[in-house]
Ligand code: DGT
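In the block that follows, a single chain appears as structure tokens, in the form predicted alone.
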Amino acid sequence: MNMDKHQIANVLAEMAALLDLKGENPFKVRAYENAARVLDGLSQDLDHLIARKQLTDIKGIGANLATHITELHAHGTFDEYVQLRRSIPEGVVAMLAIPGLGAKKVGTLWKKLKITTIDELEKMCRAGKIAKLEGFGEKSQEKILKGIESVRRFSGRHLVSEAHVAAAALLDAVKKCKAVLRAEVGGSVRRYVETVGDIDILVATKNPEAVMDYFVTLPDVTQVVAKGATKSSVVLSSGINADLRAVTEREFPFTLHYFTGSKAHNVAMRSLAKQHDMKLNEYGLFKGKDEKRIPCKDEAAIFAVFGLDFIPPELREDMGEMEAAAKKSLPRLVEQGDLKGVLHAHTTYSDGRASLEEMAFAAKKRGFAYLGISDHSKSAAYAGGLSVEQIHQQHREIDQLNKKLTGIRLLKGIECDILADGSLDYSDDILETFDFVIASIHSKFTMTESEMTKRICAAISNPHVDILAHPTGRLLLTRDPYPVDMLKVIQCAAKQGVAIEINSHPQRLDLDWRWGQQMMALGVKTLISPDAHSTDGLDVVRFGIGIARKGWFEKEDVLNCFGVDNLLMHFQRHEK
């Protein structure tokens, strides 16, 4: 299986970190970093470029890097990378995962204190030795300890995006086995939980042993943890654990329901079955003392036995879905086809990797009728935030493009930083020039809950702010949310008519879906945005859709399910 451009970009980024760790030439480090960025945002077809030997036509890709990329694409590795990995202890490489501890500092710890594992680093921190090291100090030592705690807490977890890609490929491979009659993905992957421990694949078959033999020898399997007659566990090349369970066709609907979960939903369903003098488990549904089997051809039939409408997997969290299903009042959940366009996209004007025109064509190709451009504001200097002059320049370019583009319309937006006091970093007369304004926090995360809540509520009280982006600032598996009273923020958004974003970036998926029902009860709209920094970045909206569905959102609750005219009217009414 060939590596795709994102997988190759990850290896190149790791190569840059390892070179930096060893203190190699900074120009070489930057070359790999730049190549990783370029490749990750590449709009051309990689297979085509490699076949025609045109990689060196791309700015930032020299002959040496082109060779490495070609080798990675074909074989998944290259000699220099293998040798570099061998020269560094595995424990030192693992230290790179500690939040806030960059490659240079890891290199210093390794070379000066001979630290080669996270456990050793923790002991040194607790002994106060890291604080005494030049370039560190007490605060750095404290941050490292918190980072180690974070790494351990998230160990064995994977982003839902990574799990979905791996699960889809695994499911396709399993379905090719002749002995497989039916196959589905279950577990938290199917429920679109933000982070995933492992992948559950369920199959119906008359020959489970043949399926198990086939499964453990798949090319993507790097380790067989256990192999049995009806269940096997493996580790995939992505590092994700995967379990395969084989059952009969008669048992399959019940097994799929049970292993989809959640645990709380399953407990509630078993309790409901008990009330009907029935027993429900992963093998079937049984009535009375003699446990007469009640056949069900699919999950919908299982729910129907209890007078429930079919409950979509995303809702199975025991948060009112069974009561709603009994009353025939389950929401008609938003679907990707409901989205008319997307907002929150970055371009080369700030830290994006594609031009306005490239982003417009990419959005049109994906079936969107509009794309809201929202580059960073001037306070985000690290991300190339826009000066007032650049705003005017971008708006002129958008006007020119809208005159010649067909089937897609660009909207003028900005992702405006919320400053420490809750003010925004442009004056009202500048904010008035945008079709919409997104407000977000990118700095000073260590405020108290009261201070942060006051800061956000002050910002969204500005009449020019239409949307609050990634409201808790979390980065899944690396950074916890900053302290904020989300109920108060939602109440403030309701009062001001401000929407709260579901950021589809797999590391964010923030707003947390658990607040969805509270938002709808107060009439607060959301929008499902990609926070795209490249053309491919537009594709992550499918993960935002999963979170929106978990939050019970219907298309009427989602701003970018509006047509462009209605959307702009909504923003104009809000500002008035």
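Because the structure is predicted, anything quoted here is derived from the model rather than measured. Numbering starts at 1 and runs along the sequence shown.
Keep in mind the form predicted in complex with 2'-deoxyguanosine-5'-triphosphate is missing from the figure; the text below concerns it.
In the predicted complex, 2'-deoxyguanosine-5'-triphosphate sits beyond 4.5 Å of every heavy atom of Asp351. Shown alone here, Arg270 lies within 4.5 Å of 2'-deoxyguanosine-5'-triphosphate in the predicted complex, counting heavy atoms only. Contact annotation for Lys123: none of its heavy atoms lies within 4.5 Å of 2'-deoxyguanosine-5'-triphosphate in the predicted complex. Heavy atoms of Lys263 reach within 4.5 Å of 2'-deoxyguanosine-5'-triphosphate in the predicted complex, making it an interface residue. Within 4.5 Å of 2'-deoxyguanosine-5'-triphosphate in the predicted complex, a heavy atom is found for not a single one of Ile467, Trp515 and Lys525. Residue Ser188 is the only one of Ser161, Gln141, Thr205, Ser188 with a heavy atom lying within 4.5 Å of 2'-deoxyguanosine-5'-triphosphate in the predicted complex. Among Asp198, Asp338, Glu358, Asp213, the residue placing a heavy atom within 4.5 Å of 2'-deoxyguanosine-5'-triphosphate in the predicted complex is Asp198.
Residue heavy atoms within 4.5 Å of 2'-deoxyguanosine-5'-triphosphate in the predicted complex occur in exactly one stretch of 379 to 387, 253 to 261, 417 to 425, 455 to 463, and that stretch is 253 to 261.
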